[in-house]
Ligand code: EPU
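In the form predicted alone, a lone chain appears below as structure tokens.
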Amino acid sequence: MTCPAPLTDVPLHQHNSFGIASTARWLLPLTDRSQFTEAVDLARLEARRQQRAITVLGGGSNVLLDEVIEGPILQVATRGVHFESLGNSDVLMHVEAGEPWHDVVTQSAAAGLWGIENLSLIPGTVGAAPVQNIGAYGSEISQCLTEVRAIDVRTAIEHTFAANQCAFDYRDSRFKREAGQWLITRVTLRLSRTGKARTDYPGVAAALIASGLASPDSASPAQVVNAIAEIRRRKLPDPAVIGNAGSFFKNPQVSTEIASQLSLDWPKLPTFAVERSEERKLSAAWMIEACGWKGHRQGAVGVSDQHALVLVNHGGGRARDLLALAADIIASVEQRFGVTLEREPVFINGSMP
């Protein structure tokens, strides 16, 4: 399929979950895999002409967009899902990068497959999921991801990465650390026809029982998806109603010694074990709320009154307004607890080369 002509001066307020008013000077939407190589070549020429970086945009659920993005944007909107049985209980799910993540979760659950059911209702596209190593309610995509295909935008060459080559970490990956280099085109997940609900995260078992099940162990993947979605709707504001990107800060990880001291000073501060690590994870939401930020409004932006981890755009807010609020929150938490928070959304600085 021939690559379409780039669009100019495209409004992006409907292409980012914060609803920030932003304009793309050069944007190329991609709806078919056959367009990728030509599109990257066109974007490379434009980037070289402008002396600016290429931006890859999916659903815009984890980005802060500057008011004007001068450099070229490749917007990934490819769709397609293919199941491949491995002859045992396992099934490979090959997914194009532009598929909405929640749609993939519901399709997997409808097929009776286990593996990503706890990642229900996370906004964004499949291509963004490995970048952030999305996670929720005790699960991460890295636990079932087997392969990522991505184009190096510097060379227009596609590479295939096995899971152990993706350098996954908590809300992190090589694709995030090498930002601006990779355009993810397809993701493959290894799922299973056998399994049971993972209910070790607080609230999941209660939600399943509240849905009418006699025991969480009897839940189907679809019932887990619905229960998790209900928890998220209850706790988190809907981006369609008020602009947000979900959790704005990572839960910080600290040594067991620091965690123990903080628990002595702040007995109600929740801490969690970190898989394959001696460190402990702290609740960023609890610390932010303890500093009095929950429900705070700062001009057009603020902190959700539903969840202290969520920053919101009340209307008319800019990326720099959210960054300024985030800086104030980070300074407040650091002063009180001696812990430095790190933001999750990526700032796309339109004025920088």
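None of the values given here were measured: they were computed from a predicted structure. Numbering starts at 1 and runs along the sequence shown.
There is another form of this protein, the form predicted in complex with the ligand, and it is not shown here; the text below is about that form.
- Using a 4.5 angstroms threshold between heavy atoms, Arg318 stays clear of the ligand in the model of the complex.
- Contact annotation for Lys294: at least one heavy atom lies within 4.5 Å of the ligand in the model of the complex.
- When contacts are judged by a 4.5 Å heavy atom cut-off, Ala245 counts as touching the ligand in the model of the complex.
- By the criterion of a heavy atom within 4.5 Å, Tyr170 is counted among the residues contacting the ligand in the model of the complex.
- With the ligand left out of view, the stretch that reaches within 4.5 Å of it through heavy atoms in the model of the complex is, among 284 to 292, 52 to 60, 38 to 46, 318 to 326, 284 to 292.
- The contact residue chosen from Ala205, Ile258, Leu236, Leu213 relative to the ligand in the model of the complex is Leu236, the criterion being a non-hydrogen atom within 4.5 angstroms.
- Residue-level contacts in the model of the complex: of Val81, Ala111, Ala136, Ala229, one residue has a heavy atom within 4.5 Å of the ligand, and it is Ala136.
- No residue of the trio His94, Cys144 and Phe175 has any heavy atom within 4.5 Å of the ligand in the model of the complex.
- Although the ligand is not shown here, in the model of the complex the stretch 330 to 347 places heavy atoms of just one residue, Glu344, within 4.5 Å of it.
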